[in-house]
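A lone chain, given as structure tokens: the form predicted on its own.
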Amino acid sequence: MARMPALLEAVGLVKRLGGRLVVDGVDLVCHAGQVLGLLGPNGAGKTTTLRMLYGFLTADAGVIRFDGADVARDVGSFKRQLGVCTQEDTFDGDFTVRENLTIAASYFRPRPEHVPHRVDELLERFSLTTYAGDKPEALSGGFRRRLMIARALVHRPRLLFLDEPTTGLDPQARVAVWDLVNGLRAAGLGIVLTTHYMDEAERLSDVLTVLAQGKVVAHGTPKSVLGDMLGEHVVVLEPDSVSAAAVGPWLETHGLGQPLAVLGAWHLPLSAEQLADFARAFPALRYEVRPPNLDDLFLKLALAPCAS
């Protein structure tokens, strides 16, 4: 479905930190009503990219556009359109849940209209009304996450950054946060999401931008990214000395390199054609075939040799 025009667009972002090239020509796009998943292993450049996107760091090169306009021309107006929910809780423990939301609204210029009504609206929407008079430390981890997201939305931004929004939450609390994110997307908010939970990325993201060693290595829907980076199938086998001696050279011959090893098992991403060849080559070998997932992609990127 065609979309008009991009809410957030970054072209050719470059950043050096301590003399090291951390982000190298990154492009990405996020539309209104869309979740963009920004993924990559540790050291891929995700956090630095994110900080450039919401104005905490200045890019050494490249351009960031919001609604088609270069944000460098009016950074203040751009930031007024953003909500940022960091991984760490950053509440003021001296104030109640309601007061944290009210005080956060006072930081913006121009100030949001009808702040008490907006706070009541967010308390109800995020199921925080019961806790409005409590200090944040009294809340469970899941409700603290709700409060963090609500605070990022108090000024009615059009674009929300969610950095590891469910880290440390139990499964029930994670699903509750997912439901909130789905509701925000349905309301037309653009969302940039980073997460190390691959099931979360796959469930929530409309599109993915995958980074490795500071570069974009894949972009598209989760399904297309998996197809492009891994193929259509993953073969899982428990190698013994005989099968390892045979399968290893077969992988090399087909340009597949070393297998991904997880708890002793080999995970072999294969296309349909490669799987057919594999089955013909090893008719007596016992193995499992399953669809690829983002965990496979993450492991592939994390185990890839670093550029010199």
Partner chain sequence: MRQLTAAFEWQSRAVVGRHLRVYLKNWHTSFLPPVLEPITLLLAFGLGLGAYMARGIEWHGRDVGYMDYVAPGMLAYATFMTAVFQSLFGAFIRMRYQRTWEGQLTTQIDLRHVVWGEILWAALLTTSYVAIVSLVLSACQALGLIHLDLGVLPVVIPIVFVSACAFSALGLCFTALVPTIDHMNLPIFLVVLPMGFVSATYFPLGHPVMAAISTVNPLYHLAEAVRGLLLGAGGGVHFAGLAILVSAMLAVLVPLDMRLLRKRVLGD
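Positions refer to the first chain, counted from 1. In this text, all values refer to a predicted model and were calculated from it rather than measured experimentally.
Heads up, the form predicted together with the partner chain isn't pictured, but that's what we're talking about next.
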Worksheet entry | Per-stretch contact check against the partner chain in the predicted complex, the hit in 122-130, 100-108, 176-184, 223-231 (non-hydrogen atom, 4.5 angstroms) | 100-108
Worksheet item: Looking at Asp206, Asp92, Glu113, Asp170, which has any heavy atom no more than 4.5 Å from the partner chain in the predicted complex?
Response: Asp92
Response to the item:
In this chain shown alone, the residue from His31, Arg65, His267, Arg51 with a heavy atom within 4.5 Å of the partner chain in the predicted complex is Arg51
Worksheet item: Check Glu252, Phe282 and Lys300: does every one of them have a heavy atom within 4.5 Å of the partner chain in the predicted complex?
Response: no
Discussion item. Quick check on Arg144: any heavy atom within 4.5 Å of the partner chain in the predicted complex?
Written reply: no
Worksheet item: Any chance Leu193 has a heavy atom within 4.5 Å of the partner chain in the predicted complex?
Response: no
Worksheet item: At the 4.5 Å heavy atom threshold, is Leu211 in contact with the partner chain in the predicted complex?
Response: no
Worksheet item: How about Ser271: is it within 4.5 Å of the partner chain in the predicted complex, going by heavy atoms?
Response: no
Worksheet item: If you look in the predicted complex, which residues in 34-66 sit within 4.5 Å of the partner chain (heavy atoms)?
Response: Arg51, Phe56, Leu57, Thr58
